[in-house]
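Shown here is one chain on its own, the form predicted alone, set out as structure tokens.
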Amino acid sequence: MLTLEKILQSQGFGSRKGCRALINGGYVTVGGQPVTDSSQPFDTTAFEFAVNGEAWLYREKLYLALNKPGDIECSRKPSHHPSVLTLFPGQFMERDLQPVGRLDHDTTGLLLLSDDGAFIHAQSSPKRHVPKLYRATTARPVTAALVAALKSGVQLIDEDEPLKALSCTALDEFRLELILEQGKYHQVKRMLAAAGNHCAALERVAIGRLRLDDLALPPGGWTYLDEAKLTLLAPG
């Protein structure tokens, strides 16, 4: 049980004083009825409420999937493009929502976000070995030699050992799909360059068994991840 004031604060609606003002002003409803007592307790299990007429479901933690568009930075303090966090309700910023890892500003596709520090750390750990599927468009034609090189391993300047794709498949003359699990900086682009080609466009289409196509999100669209979808992120 939490008081309505603490519920609003935990969901990112501002300071305790600000949440109290929303409640006292009659802007918060439960079951369609205004609740003006900020100290009234509620069971948070499947708890639904509305603020200024907008419906919300209480969530202890946020687990989100986004179809990241291009020209968006995965940073709270972007340098040259808007932050990916501008695609979400302002309440999520108050909850310290963060991307799980990063995609380059010009890379599109599946991105996870959360305000659960333990989840972010676990998903970002190189020891986790979660495969990630990428679809790359190349500047020059995809050849059998290019596919073979990416599968057998290419040497990058700052790496001790060659990096290789778990799998690599040519889709057509200028597109290929490859699966990686290392998550090195600019890895796909650098591997393509080391193999003698150049990445013209890049999309991440799956993390583990969670596929962007199954989520049916338009560019810039996002969704909450339930327990069933979160299990798809497990290794193996």
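Quick caveat, the model's predicted, so the values are computed rather than measured. Numbering starts at 1 and runs along the sequence shown.
Below, we turn to the form predicted together with uracil, even though it does not appear here.
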property: Selected contact from 91, 123, 107, 138, since only one has a non-hydrogen atom within 4.5 angstroms of uracil in the predicted complex; result: 107
property: Among the candidates 154, 103, 133, 97, the residue which, in the predicted complex, approaches uracil to within 4.5 Å (heavy atoms); result: 103
property: Answer range among 59 to 67, 164 to 172, 184 to 192, 44 to 52 for contact with uracil, defined in the predicted complex as heavy atoms within 4.5 Å; result: 184 to 192
property: Distance check, residue 202 to uracil in the predicted complex, heavy atom within 4.5 Å; result: yes
